[in-house]
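For reference, the chain that follows is the form predicted on its own, supplied as structure tokens.
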């Protein structure tokens, strides 16, 4: 049987090439590997911690669905749905709230970061790991693809599953299959890229240093021409290696779109010719993005089709989630 793989993505804005090479591409690759039954949910309830405008939420959620469908997520192979369409997520989170302690949640990275910055912290931010545990555990998830810095999310899900199993599960469990919740594992892929932005820092909308994933030719040109090219010999690249004189920011973005042997030859032939190298990068990005951009434009003309895909995915996911929630309700004694 295929392993269950689940991933959630918040609808928080324009997708960029850092998102694509850092997470989106891997989801499609895993779907196409044939090794997993993939679930991808649009985490709109999680996004409420950041987005509190009705029209913006609806718009960003639809756009995120468009993004994933455009890059190759196949509704026939993966179950794509909105988190908010499955009430079991929030219902299970409340049940978990009754066994999770405040000191335990105070160790969460997101909470500690917000606290360190003296931010006013809402309950949603504080409780984020509990809802995330519910997201994962409802589907008997085997693996969750995450970055190295997100392993704690899976650790929280495992800890909560263990505590629930111990508190409400059979007292004489001899076999793992008798437990209510399966313990998920993190899937950390060595191929995940850390993509630098146009200023050399990690590509992020908050830094305003992105190259949009579905950018037009004009947008690509504008972004590429703004790439900082003053790093030379002695500079440290994103791979931790010392530069040999290449314009490191430009090179580290360019290597995502061209084979290393051809890229090294190009940069050797065009030493110091930053304009020429940028022109070549513009061509490579545009050639890579164009098919996805065209698919997305076609899909965007028929939003009802995308909504139907989400509704179908929600129907599939709900059947599984409700079955697990029923099991939980019986275990805690409300049924």
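These numbers come from a predicted model, not from an experiment. Positions refer to the first chain, counted from 1. Only the largest set of C-alpha atoms that superpose within 1.5 Å between the two forms is called the rigid core.
Note that the form predicted in complex with a small molecule isn't included here; everything after this is about it.
- The partner is absent here, but in the predicted complex a heavy atom of 128, alone among 251, 128, 139, 96, sits within 4.5 Å of the small molecule.
- Though the small molecule is absent from this view, in the predicted complex it lies within 4.5 Å of a heavy atom of just one residue from 221, 150, 90, 229, which is 150.
- Contact with the small molecule in the predicted complex, defined as a heavy atom within 4.5 Å, is made by none of 48, 54 and 214.
- Looking at residue 202, you'd find a heavy atom of it within 4.5 angstroms of the small molecule in the predicted complex.
- The small molecule is not drawn, but in the predicted complex it has a heavy atom within 4.5 Å of residue 132.
- The closest non-hydrogen atom of residue 60 lies beyond 4.5 Å of the small molecule in the predicted complex.
- With a 4.5 Å cutoff on heavy atoms, residue 43 counts as touching the small molecule in the predicted complex.
- Stretch 142 to 150 is the answer when you ask which of 161 to 169, 259 to 267, 142 to 150, 74 to 82 has residues with heavy atoms within 4.5 Å of the small molecule in the predicted complex.
- The two forms, fitted on the rigid core, differ between this form and the one not shown by less than 2 Å at the CA of residue 10.
- Superposed on the core, the two forms differ at residue 253: its CA moves 2 Å or more between this form and the one not shown.
- With the core held fixed, residue 93 shows a CA shift below 2 Å between this form and the one not shown.
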